[in-house]
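Next up is one chain by itself, shown in structure tokens, the form predicted on its own.
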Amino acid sequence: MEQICLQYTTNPQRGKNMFVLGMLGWLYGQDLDLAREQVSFTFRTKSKDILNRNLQLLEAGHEWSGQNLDFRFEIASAPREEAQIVVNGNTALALGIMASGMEICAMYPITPATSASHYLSEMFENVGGMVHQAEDEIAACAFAIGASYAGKCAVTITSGPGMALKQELIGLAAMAEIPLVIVNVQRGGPSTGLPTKVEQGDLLQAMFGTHGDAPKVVMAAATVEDCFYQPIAARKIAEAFNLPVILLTDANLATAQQPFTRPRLRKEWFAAPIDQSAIPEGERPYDWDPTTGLRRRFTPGQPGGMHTLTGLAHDRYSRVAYDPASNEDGLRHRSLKLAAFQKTLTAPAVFGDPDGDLLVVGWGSTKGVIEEAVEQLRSEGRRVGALHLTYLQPMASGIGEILKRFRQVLSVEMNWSDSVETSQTTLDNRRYSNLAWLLRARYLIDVDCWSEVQGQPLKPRTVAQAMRNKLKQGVARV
């Protein structure tokens, strides 16, 4: 390969990738004209000499394969009538933040989230946004809260260790009812853990990490396309309900590239202008609605809206209040907001059989793997289905009814769970995976779990085998 590449470039190390691309194009029966078009687009800003050299290497790899290889796979390409983009999850996340109308991203560099801030640093100012690199994770969260307090909604992006440092300030946003979007690009843990590897170990931290009762919405992206659209939804939820919204992605999504339909910008994605109309006389900063817990958001500069913002327990005037009634009043209405938001959610559709012997429940980037495993078992005649959750807190109505339609329920995740096959583990001391804990507690159903934490993406055949094993075991006794 190097010898052939030397015919076109003095440095074969910089030419072999294009040669191999030509080989792959021949091996899989792909359109060489389309490959030429994409290479030309990729190198459009380079000199004509560089472009021509890459095209020559592409064609050389294609020609060599046709002359020397005795096998080939004909895989038809699905025709596309819509324009598509191909990006990784962190780039999609950055694009989604820009599309959402959020104008401030405050973060501290951390693997595997950093590349999102790199992209934003290059592009955000083109749409009026700004990236603030703070001195640490705590300062990044504080900066974002301050920006949100001024009237809009800001985002801070991090990974597991950074989430741990932000917890006190997430509690401040919940107590003061300031909209805030926090993105956690999960990696392996605990401590420094596996900075460049994948894990789904932060779900319980996202829901319960802050001390005291601090209601927040927790949602998870399942695909690269989700990484684009979910920041838009997260911003709208945060501003509508004046609370923190945590969006979970992971290292799988951060670096994986997937094509999806090119988004078309919509006006309804953006935030409304900051409300600076005068506050009616007598209206209080925390005049909570008794049904929804919602209240009008006061922003700095509003006539009649001056008040002291505090993270201490406070009454409806935002005055520090330690009396039992005021504390319980605030807790009740902050919790009502989650209940009100939950009323807007619909249960996700079941993939595969709508009822049967086994339901696999997952969240995050495992969606495609789980659904492929389900398809494999259905082809074997098994009645199985999959349910993938986007909203983990709160969960939509109807999920409990779906779980009851299957004889057995198994969560599949990339976080730790004890195996019952060890001599020390029993049903009395077993530690379940994150989602299994939640489903068992909420729906009082015997949800079993299977998990793998090798720092690698799950494989469909491994999940399929775990499903077969569960079907053989039958319903476990609780």
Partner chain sequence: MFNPIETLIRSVTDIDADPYSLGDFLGVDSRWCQRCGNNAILTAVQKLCAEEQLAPEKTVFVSGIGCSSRLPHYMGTYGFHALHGRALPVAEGIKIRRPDLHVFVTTGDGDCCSIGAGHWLHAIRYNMNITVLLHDNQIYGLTKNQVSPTSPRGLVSNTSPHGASLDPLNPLAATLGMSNISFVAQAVDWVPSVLYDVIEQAFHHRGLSFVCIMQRCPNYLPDHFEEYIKNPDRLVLLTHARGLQVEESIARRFKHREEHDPADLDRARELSMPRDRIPLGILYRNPEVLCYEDVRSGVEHLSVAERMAALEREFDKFTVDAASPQG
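By rigid core we mean the largest C-alpha set that fits within 1.5 Å across both forms. On a predicted model such as this, the values are computed, not experimentally measured, just so you know. Positions refer to the first chain, counted from 1.
Same protein, other form: the form predicted together with the partner chain, not shown, and the subject of what follows.
Q: Counting only non-hydrogen atoms, which stretch in 330-338, 369-377, 345-353, 85-93 is within 4.5 Å of the partner chain in the model of the complex?
A: Of the options given, it is 85-93.
Q: Looking at the partner-bound form in the model of the complex, is Glu37 within 4.5 Å of the partner chain by any heavy atom?
A: Within the cut-off, so yes.
Q: I'd like to know if Leu265 sits close to the partner chain in the model of the complex, meaning any non-hydrogen atom pair within 4.5 angstroms.
A: Yes, contact at 4.5 Å.
Q: Against the partner chain in the model of the complex, would Gly212 count as a contact residue? Criterion: heavy atoms within 4.5 Å.
A: Flag for Gly212 set to no.
Q: Is Lys236 close to the partner chain in the model of the complex, meaning a heavy atom pair under 4.5 Å apart or at it?
A: Residue-level check for Lys236: no, no contact with the partner chain.
Q: Sort through Ala139, Leu294, Leu403, Leu392 and report the residue having a heavy atom within 4.5 Å of the partner chain in the model of the complex.
A: Looking at Ala139, Leu294, Leu403, Leu392 one by one, just Ala139 meets the 4.5 Å heavy-atom criterion.
Q: Among Ile399, Ala134, Ala256, Leu194, which has at least one heavy atom within 4.5 Å of the partner chain in the model of the complex?
A: It is Ala134 that has a heavy atom within 4.5 Å of the partner.
Q: In the model of the complex, does each residue in the set Glu281, Phe298 and Gly301 place a non-hydrogen atom within 4.5 angstroms of the partner chain?
A: Every residue of the candidate spot has a heavy atom within 4.5 Å of the partner chain in the model of the complex.
Q: Within 4.5 Å of the partner chain in the model of the complex, which residues of 135-151 have a heavy atom? Give them in sequence order, or say none.
A: Glu135, Asp136, Ile138, Ala139, Ala142, Phe143, Ile145, Gly146, Ala147, Tyr149, Ala150, Gly151, in sequence order.
Q: Determine, after fitting the two forms on their core, whether Leu34 shows a C-alpha shift of 2 Å or more between this form and the one not shown.
A: Yes, because once the rigid core is superposed, the C-alpha of Leu34 moves 2 Å or more between this form and the one not shown.
Q: With both forms fit on the core, is the shift of the CA atom of Thr45 between this form and the one not shown 2 Å or larger?
A: Moves: yes, 2 Å or greater.
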